[in-house]
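Next comes just one chain, in structure tokens: the form predicted alone.
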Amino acid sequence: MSTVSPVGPANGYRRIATEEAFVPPELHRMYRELVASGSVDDPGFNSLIGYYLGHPSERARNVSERLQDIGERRVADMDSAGIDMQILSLTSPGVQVLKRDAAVAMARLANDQVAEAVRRYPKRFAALAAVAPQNPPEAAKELERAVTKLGLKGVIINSHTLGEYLDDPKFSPIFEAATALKVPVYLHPNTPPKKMIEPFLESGLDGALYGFAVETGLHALRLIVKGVFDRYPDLTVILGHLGEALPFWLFRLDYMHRGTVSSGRYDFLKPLKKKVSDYLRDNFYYTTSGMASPPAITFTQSVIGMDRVMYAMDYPYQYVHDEVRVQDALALSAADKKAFFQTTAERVFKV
């Protein structure tokens, strides 16, 4: 955790951090019990959560403690780093490793708790809803409640749910609710599922170092090539970490997808209404969470669009004051910098 001097206020804009994690203490305790019992058949969960809940390192302890605080300590951290507002969302894997009924109940509890934090600090916090994809109709109902009754600003989906991906038609109620409510879906990383994770675990690459990006980028591409955005053209999805490297792949994705479909290699892969890159420009927004690299940020802005890239810190997993300063110093016009830190987030999340 950073111990450098406070950042101070920005010049001409507010800093809105758009991918900032929390966990209710009740879910934190449940995670601990699940890891101890070995009852979750998900090596990625046991590796990731086992580390943050049980490792003696200062990093694990600090992250674990800060995740559970959506009050004074978090606000003090924001003040120190010069962050005006956080968009709060339930940390990975959220409720998506729980049994169906427990997941539904815990999502509701998490939404009630984060809504209360927003009520206490309305100028400092906004939040996304948690839902249980294990029960898609109930997930849609909870999203509607969270948005219309609690004032939450979208929904967080921590990628796959025990190996199942949102391109499966059974998850359609979630997308139907999001489009009807006109709120975004934040597709946040999870560790690779059981069928995918072994080579990552063998090399220590299963988490944020690399596995997160591979797994979540895969999920986003599954949504595109399976036609989700042709069925829901108004659906908005947000990707963190500068799009999990997908902006770098635009040319190759278009070329290889076109060739694969035209050759008839897979019976289930049908032509799309647009190019893969078009969906990545038209239906997605991107945040800089954990990616405070000026060349990478400016490249993503250049190929995706200046109005599609938003600032994020990735608190508390990355809480580094100098990363705020680096992004303050981006070579952008005053209007573009204000959009990057403030007005794009205000538009997307309606804050």
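All residue numbers refer to positions in the sequence shown, first residue = 1. It should be emphasised that the depicted structure is a prediction, and the values quoted were computed from it without experimental measurement.
What comes next is about the form predicted together with another copy of the chain, which is not displayed.
Colleague: Considering only heavy atoms, tell me if Gly38 and another copy of the chain come within 4.5 Å of each other in the predicted bound form.
Modeller: No, Gly38 stays farther than 4.5 Å from another copy of the chain in the predicted bound form.
Colleague: Hey, in the predicted bound form, does Ser64 get a heavy atom within 4.5 angstroms of another copy of the chain?
Modeller: No, Ser64 sits far enough from another copy of the chain in the predicted bound form that none of its heavy atoms falls within 4.5 Å.
Colleague: Arg73: heavy atom within 4.5 Å of another copy of the chain in the predicted bound form?
Modeller: Answer no; every heavy atom of Arg73 is more than 4.5 Å from another copy of the chain in the predicted bound form.
Colleague: Can Gly217 be called a contact residue for another copy of the chain in the predicted bound form at 4.5 Å between heavy atoms?
Modeller: Output for Gly217 is yes: heavy atoms within 4.5 Å of another copy of the chain.
Colleague: Quick one: in the predicted bound form, does every one of Tyr51, Ala245 and Thr260 get a heavy atom within 4.5 Å of another copy of the chain?
Modeller: Yes: each residue has a heavy atom within 4.5 Å of the partner.
Colleague: Sort through 148-156, 129-137, 84-92, 217-225 and report the only stretch with a non-hydrogen atom within 4.5 Å of another copy of the chain in the predicted bound form.
Modeller: Going by heavy atoms within 4.5 Å, the stretch is 217-225.
Colleague: Ok, Leu162, Ala102, Met196, Ala180: which has a heavy atom sitting within 4.5 Å of another copy of the chain in the predicted bound form?
Modeller: None of the other options qualify; the answer is Met196.
Colleague: Which residues in 26-59 have a heavy atom within 4.5 Å of another copy of the chain in the predicted bound form?
Modeller: Those in contact are Ser47, Leu48, Tyr51, His55, Ser57, Arg59.
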